[in-house]
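As a starting point, one isolated chain is supplied in structure tokens, in the form predicted alone.
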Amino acid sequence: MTSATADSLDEETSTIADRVFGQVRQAIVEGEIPAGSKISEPALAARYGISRGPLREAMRRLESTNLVERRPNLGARVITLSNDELLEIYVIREALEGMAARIAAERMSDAAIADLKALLEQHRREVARADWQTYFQEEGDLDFHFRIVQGSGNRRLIDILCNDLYHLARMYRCQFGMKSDRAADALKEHELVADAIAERDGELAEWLMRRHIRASRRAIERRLAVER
């Protein structure tokens, strides 16, 4: 095998791994593969029609995003957070996303702020179609929180909130936050944060973002208390 052929095969394996990583990550985040589920690599390989090589690479990446954990003699499972661990994520998000909102008020361009407001208009139409009971955001640039963190331009914050914590936090936001009686309130809170950023009022943007995430955390605390 020539080096060019080997490079081509490596690139193909990487591309397949990228695709499967994204598909399995989405299935975990949206609850199609539930928290705590054992992951069968042969079953996933058959499901996605791929060989074990790209699948193993995708699994390694899922472990690095903290969505999957592998234990000796038990294999790989979707992560399950204790109630305390889940609430700790919200405490971290409150502090760091508040900071990101403050910096975004200073750094986001007028065009980026206009795009943010347009995104919220789209969200408002979608929530209204769902009778104000569901607020589901697609990931990445279609996610208000992701857009704010990216808008801060702070590489450390982006790395922590958009890589280390993002998909894990999103997994639980899908389960606890996007389908709830807080949908209308959450949308309004997003709009207030965006208004503060547009006014270049970093202090207010930080306070509003922290209050928004704190309200979400308290809603989860109430839900967990009922379930207990």
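Just so it is clear, the structure is predicted and the values come from calculations on it, not from any experiment. By rigid core we mean the largest C-alpha set that fits within 1.5 Å across both forms. All residue numbers are counted from 1 along the displayed sequence.
There is another form of this protein, the form predicted together with the DNA, and it is not shown here; the text below is about that form.
Using a 4.5 angstroms threshold between heavy atoms, E41 counts as touching the DNA in the predicted bound form. At a distance threshold of 4.5 angstroms between non-hydrogen atoms, I213 is out of contact with the DNA in the predicted bound form. In the predicted bound form, S51 approaches the DNA with a heavy atom inside 4.5 Å.
The closest heavy atom approach of R56 to the DNA in the predicted bound form falls within 4.5 Å.
Stretch-level contact check against the DNA in the predicted bound form with heavy atoms at 4.5 Å: of 153 to 161, 106 to 114, 68 to 76, 90 to 98, the positive one is 68 to 76. Proximity to the DNA in the predicted bound form, taken as a non-hydrogen atom within 4.5 angstroms, holds for one residue of V24, L208, I16, I220, which is I16. A displacement of 2 angstroms or greater separates the C-alpha positions of V20 between the shown form and the other one, with the rigid core held in common. Residue displacement note: A118 has its CA displaced by under 2 Å between the shown form and the other one (rigid core superposed). Relative to the superposed rigid core, the position of the CA of L74 differs between the shown form and the other one by 2 Å or more.
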